[in-house]
Structures are given as C-alpha cells and as structure tokens.
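Just the one chain here, laid out as structure tokens, in the form predicted on its own.
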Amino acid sequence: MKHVFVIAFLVLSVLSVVTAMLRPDPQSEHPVLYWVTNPQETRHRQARAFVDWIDRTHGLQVDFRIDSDNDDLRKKIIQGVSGVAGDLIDFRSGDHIHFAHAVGMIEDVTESARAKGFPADKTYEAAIPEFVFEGRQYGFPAGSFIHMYWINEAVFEQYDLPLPRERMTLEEFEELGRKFVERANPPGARQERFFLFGSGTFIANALRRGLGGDVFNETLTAATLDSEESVESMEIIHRWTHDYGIMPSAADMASFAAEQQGDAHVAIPLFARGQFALLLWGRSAVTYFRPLGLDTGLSVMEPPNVGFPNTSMGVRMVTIYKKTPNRELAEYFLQYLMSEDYNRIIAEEGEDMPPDPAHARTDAFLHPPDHPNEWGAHDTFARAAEEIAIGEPFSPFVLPGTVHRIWSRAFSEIMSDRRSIHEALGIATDRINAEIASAIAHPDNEHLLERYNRALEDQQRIDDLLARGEPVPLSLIRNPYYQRYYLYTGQAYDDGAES
C-alpha cells in the first residue's frame, strides 16, 4: 500500500508540473502576471481594479491573469520547487506559508515592503507572526480573518431568550446555551438544534488561552498541550458536547452533512434556518449569508471569557514566487493591497478584514448600505482585530502542519472517547516534542540547534523570574500569545528590545 501512495504522489507531481509547463504562452503586448488564487468572483473584481490602479499610479500596463486551476497546496508546492509556479501565490493559513518558506519558494520582500509602503507593521499586529519569520517579511495579507461567534438574532427571539452580549463569562454562556437546547428541542426527540457550531480545535484554543495556557511555551522550544489549562479547556468542550448538547458531536454533523448532500459549508444553511444559534466563523460568513437571502438580525460576540479575552487571527496571504521573472510588478501588487481601491472592495464585499486597519473604521465596512441586518456585527470584528486577536504560535523547530495534525488527532480521540483527556494530550505533547528533538538533532540543522539553545537559556531565565514572582522582560518571550497575556496579567514589562 505504501508503494501505491508513493507512485500516486509521483504521478500527481509529474502531471502538476506538466500542466504548468503546458500553460499556453500568452500572446500579449503587455507583461503577463499570474495570480494563483481561489476562483471566487470577487477575485476578478480585485484583478480588474489592480490593472486600473497600476496604470493610474505608475503608468504601467499589465496583462493580469487569475490562475485558479492550481489553487491547491500540493500543486503550489510541487510547482514551486519545480520552478514553474505563478508569479503571485495565495496561502490561506500560517502553516502553509511557513511550509512554503521552509522549502524556499517564496520571496523575502522586507526591503521592498519598506520602500513601497507595505511593511508588516501597516497591518494588524496579530497577523504579523503569520508572514514574518526571524525578522524578515514574506508577502502581505490580502485579508485577515478572526474567529468570532455569529448570532442569529431571530432564533433567540423565537425561543424568548435574551441575545448574547458581546462579552460573556463561561458561566453565563453555558447557562444560556443549556436554556436554548431545552427550549429548542422537544423532549424525547432526537436533538436537531444546537446552541453553537464551530471548529472544536479553535474553540478549545480560545478557552485554553483564556485560562492562561498555549500550545507552546514562552520561547516556542517545547509543546505544552498537556498543561492544566489544556485539560480544563477540553473538559469544557467535552461537557458542552456530550453532557449539555450545546455543540453537535461528529455523529450529529455527519447526519447533517448527509441531509445537505455533502455541502462543504453545511453549517451555513443550518445557521440560516436556525438549527444553530451561534456560528464560529470569520467576517467572510456574510459572503455566504447574502446569497441565501438571510435578512434576519445578525450580531457577533467574542468567545466566552474565562479570564483573558482573546480570539485567533489568520491571514489570506499573497506571496511572491522566488523565481518570478516579474518581481517588480509582483511587488506593485502587494503595494496595491494597501491601496484604497483594494481595501474598499474588501469592505464592500464582506470578505475578511481589510489589510489596512483604517478601512475597518469606514462606513462602507461598518454599515453596508444593502445589508442593514449586518450593522450590529462588523464593528465587533473591527474592535476584536485591534484589541483581543492574537496570531498563532509558530515554532521554528517544528513544521506547523505537523503540530496541527497531532493536535487535531488528540482532539478527535478525546471527543470520540477513544482516549482520556490526560492521555491524549500527554501523547500529543510527547509527539510534538519528539519532532522538535529530531529536527534540532539533524546534522543539516546546526544553525537551528544554536538558535534552540539560545532560546532554552531564555526559557530558563523566564522560568526563574516567574518562580520568584518577578516580571519578565518582553524581549525574552517569542510566543505572541504570552507576550500579550503576560502584559495583561502584569507578569511582563516592555523592555524596548526586540524579542
């Protein structure tokens, strides 16, 4: 069986490269620039706006083409390392960006970003860890997404329940959720209405961080998924699912998916018709709500507050292919992402957060004229992006995709009762730390070992200071979560040095 998978991968690799190489040679009087991105209709509006913008601002004409056929991570990586990728390449998660960086296929744009006005600090602080590695910038966000709880206000009115507040304690949230489940489901019948749907791992991450823990320690040198905070967050999720019925189980979702005939976004129509009262999603949920004609009142709340208000932020990143023959034109596209032209489109279309935070305070963003039912939602996203959003921790000593796979497996084992919470989290922690040990021990990673040893020394200093009850200099901390959390709790101070 192993040989079958290897052969299949090789065949896919060859076909992917051949497909890219056989792409018709464009007959155009202007330079041709390819953007590898998803096929959403708004991409074409953004592309047309770029052509107009670069002509108006730089006097340049470009034949700008969208390549959606290769918008698949495997194709991007295979073509990237084979030398035949598009000029601009989208990545919609930090772990994909880090992987592309690890294989050396995306361009360092640090200097040109400063010169052309799209440096990392021009966008949301929480997004920076997604595309800045070791102080170097690789690309710029086309949009950032924040995980928040959408509220279908009509459902609460239907069951005579108060609307959730923007910020609620865990106890308040659970009480409201249990009341909803009781009122919305007839006694003795199969439960078909749930208080909340969303990715369980994202929900657990926000709870863990609210309690004071994270996937990694302060210096990103070791996994800490077996911490007390992780255990407690999983106890909450397990209770919501198996004891209170606040969240659907995997079996419930499989049943819903079958009823929806395999709709990839099965949760959207279920939320629209009131089977979920709350939906964990980014602002881009409106791009699905609007075509459905969902015109009931919509508002948004933060994840339940268990001590430290927080949520996570990710990005849809545009990177420049390292072997592009059109480097300068590609840089102009990243500059365009900070323009009013582009940010206005993002605000109007409802897709993600605009790269320039200033555009999240415009009337076009906050009060879309054709969708007054959304007016209570967008300002909450704008505040969250600035006040409580935190980027994901990416350890330089282990691939993020590996961490995600191990953590997701542990979550699944816990929720299906195949392992206890303590056992599953303990195994996951050991596996991640074994991956770190393997990486730093590799003979080709001597530079990584040196970096790891320096970070270990800083970790020891942090541990000693915390044990004595003394604040930690912020420059010692590499995990963006602990930088924010320790400042919030008074356990750190900004010493002005770079971490």
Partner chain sequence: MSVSASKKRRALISGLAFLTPNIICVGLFTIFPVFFSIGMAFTNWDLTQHNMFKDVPLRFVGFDNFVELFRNLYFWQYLGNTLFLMIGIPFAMAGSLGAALLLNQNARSILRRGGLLLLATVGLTGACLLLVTLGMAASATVILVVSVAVAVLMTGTVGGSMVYRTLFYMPHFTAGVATFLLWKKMYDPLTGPINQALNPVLSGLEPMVLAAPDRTFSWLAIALVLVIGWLAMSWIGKMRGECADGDLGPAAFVLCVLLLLAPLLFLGFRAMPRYLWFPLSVGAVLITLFHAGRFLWSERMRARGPWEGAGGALLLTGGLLTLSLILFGLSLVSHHLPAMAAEGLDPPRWLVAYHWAKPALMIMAFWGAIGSNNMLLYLAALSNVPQDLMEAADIDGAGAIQKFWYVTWPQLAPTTFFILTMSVIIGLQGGFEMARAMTEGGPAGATTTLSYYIYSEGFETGRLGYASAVAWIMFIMVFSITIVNWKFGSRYVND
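Since this is a predicted model, take the numbers as computed values, not measurements. Positions refer to the first chain, counted from 1.
A second form of this protein, the form predicted together with the partner chain, is not displayed here; the remarks below concern that form.
Note on the partner interface in the predicted bound form: the residue among G117, P162, P291, G83 having a heavy atom within 4.5 angstroms of the partner chain is G83. This chain is drawn without the partner chain; in the predicted bound form, the residue among I78, L425, V318, I388 with a heavy atom within 4.5 Å of it is I78.
Per the 4.5 Å heavy atom criterion, the partner chain in the predicted bound form is contacted by stretch 99 to 107, the sole one of 361 to 369, 226 to 234, 342 to 350, 99 to 107. In the predicted bound form, the partner chain stays beyond 4.5 Å of every heavy atom belonging to G469. Proximity of R183 to the partner chain in the predicted bound form falls outside the 4.5 Å heavy atom cutoff.
Although the partner is absent here, E41 lies well away from the partner chain in the predicted bound form, with no heavy atom inside 4.5 Å. With a 4.5 Å cutoff on heavy atoms, G59 does not count as touching the partner chain in the predicted bound form; it lies far away. Along 305 to 341, residues Y321, K322, K323 each place a heavy atom within 4.5 Å of the partner chain in the predicted bound form.
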